[in-house]
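Take a look at this single chain, the form predicted on its own, given in structure tokens.
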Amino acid sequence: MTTVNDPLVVAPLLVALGTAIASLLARFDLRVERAVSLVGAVGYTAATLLLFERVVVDGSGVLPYYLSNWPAPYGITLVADALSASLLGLAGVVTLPALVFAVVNVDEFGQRLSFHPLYHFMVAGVSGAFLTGDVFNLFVWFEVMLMSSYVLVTFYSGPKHTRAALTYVVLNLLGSAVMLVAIGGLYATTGTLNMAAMARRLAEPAAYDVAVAPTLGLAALLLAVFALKAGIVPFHFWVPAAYDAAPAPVTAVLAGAVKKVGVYAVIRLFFTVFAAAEYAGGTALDYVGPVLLATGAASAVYGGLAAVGRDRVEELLAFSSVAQIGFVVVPLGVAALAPAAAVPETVPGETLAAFGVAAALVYSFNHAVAKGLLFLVAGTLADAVGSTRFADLGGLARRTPVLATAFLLGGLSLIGVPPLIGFFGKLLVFRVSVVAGAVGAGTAATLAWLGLAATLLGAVFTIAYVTRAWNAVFWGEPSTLVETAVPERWAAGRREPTATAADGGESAGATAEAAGAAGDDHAGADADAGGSVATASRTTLAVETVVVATLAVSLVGLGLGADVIVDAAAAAGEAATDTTGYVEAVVPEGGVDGVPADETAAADGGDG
């Protein structure tokens, strides 16, 4: 039986919002503010994991939470099912280590100014988007998330960062305007904003006097907006510059959690809501499937090819994120080609649609942890050496073996080497196309094989750019800059601290000059912004190394315990494609708390 108003459903959102407000109130003392922020992040991760345990592990099903006990579709509803709980758990796993890293990585002025409240408002936006049960509040939480991230992207305030932030802001504001227009159209057409009620009315348009045809065009507008939020080709323009400009821990969260909001919205709206409607004898998935497949394949190939030619670690990782989102979207597009097709018992899910969603989620877990780890490694390199240009680096494997091992594990997980979680994610992505090609026919089968070819080509590019980055940064002979900044093997505890901690800043100045002489614009920008160009203390580098080492170990742990991730993804796939179960849990036929469904139907056009 569905539990109504379980407070655990709203706990992640309340903790994130409460921490953001508490951080604002604690700005009188940076130590207090940091403590509040860290405690709040721990509480947020605990809340997300408890919700994951309740919904996914215990199999509690769909848990709605009706704010102020106003039942759907009259009031605002939050919904936790296996899909939203899995992605919330992912957000909790990524945001905590990123914040610990930020406490030592972001300069004191920045932290005192606004970093912690903005960070937690961004996390609140992510959480609200995963939990909301109606499309208007999805827009609201999108805006909460984006407004915080606008400031965080331009945090260092240099010309490069301002230009990146301006692109990010303009494109996302344009996307938000289009999203608002589409939501208004959906309300005018269906008479509701609640996603469960909308799915019911689209499935029974005659009973609710709904004109279905216009909603297909409105759904296309929403798909473009979600593709922009997720950074899918051809809506990826903001990704490289924004990821390159933001502080390393912010970029880790942007790639690990914020991007997944766009993916979640695509799954929820198209596999749960619009999948219930019929458009000229087909469903929305029949139209959206080829589009998702084409854009996902283009992302995997273009992003991978562009990453191969980059000259700095952050640039390479930014274009890699464009490529990796392709591996998440392609299985969704392939699954949409024949969503009801039966699949072998050896794969997660009972239908191709559920299998595709499960594969996308397993790969999302891999991408979130691995890419978050790699961006934090890049941030540690910037602090330790003062440059992330390939031309300035080399030979770091012998001087920083822990950092080198962490980068290697992150790269291998992106490639898909066992026993890392990336192996299982990539295997499932490939297998979705194989199964779809085998069970499909005609154009659908051809498109499925093309999807497989695109992901295989993207996988080859992944091997190429990970190998190039490893060789340039960690292999070979140390460069002059590396010898100056990292003179000894500090992972063994024998490294003397560089820069200010050791000599009051003389060596830091020398390193910064060396970086400037090498033409490192990024290092120069960091220096202009008061950042830490090889000025990090021993404590800072130690904390950063512990964080990246922890994430690297977790990658291995997730791979060894992949059954848990795959089972959770399978449950999420079933939840996302079970429109009837979602609708009955949120807006049951018998009504909620004494409000009969008949009254809901009678109030058509006046809810929301």
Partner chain sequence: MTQWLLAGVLGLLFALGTFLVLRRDVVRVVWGVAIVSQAANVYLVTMGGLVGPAPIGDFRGELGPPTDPLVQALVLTAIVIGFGTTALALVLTYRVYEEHGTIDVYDLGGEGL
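Residue numbers count along the first chain shown, from 1. On a predicted model such as this, the values are computed, not experimentally measured, just so you know.
Beyond the structure shown, there is the form predicted in complex with its partner chain, which is absent from this document and is the topic of what follows.
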Each of F139, P159 and V181 having a non-hydrogen atom within 4.5 Å of its partner chain in the model of the complex: is that the case here?
yes
Looking at heavy atoms inside 4.5 Å, which stretch does its partner chain contact in the model of the complex, given the options 164-172, 280-288, 100-108, 471-479?
164-172
Which one of G437, P401, P419, G185 is close to its partner chain in the model of the complex, taking close to mean a heavy atom within 4.5 Å?
G185
Answer with one of F390, F423, F237, W449: the residue that has a non-hydrogen atom within 4.5 Å of its partner chain in the model of the complex.
F237
Distance check, Y208 to its partner chain in the model of the complex, heavy atom within 4.5 Å
no
So, L456 and its partner chain: in the model of the complex, are they within 4.5 Å at any heavy atom pair?
no
Would R431 count as touching its partner chain in the model of the complex under a 4.5 Å heavy atom rule?
no
Could you confirm whether A220 comes within 4.5 Å of its partner chain in the model of the complex, counting heavy atoms only?
no
Scan 562-578 and write down, in order along the chain, each residue with a heavy atom lying within 4.5 Å of its partner chain in the model of the complex.
none
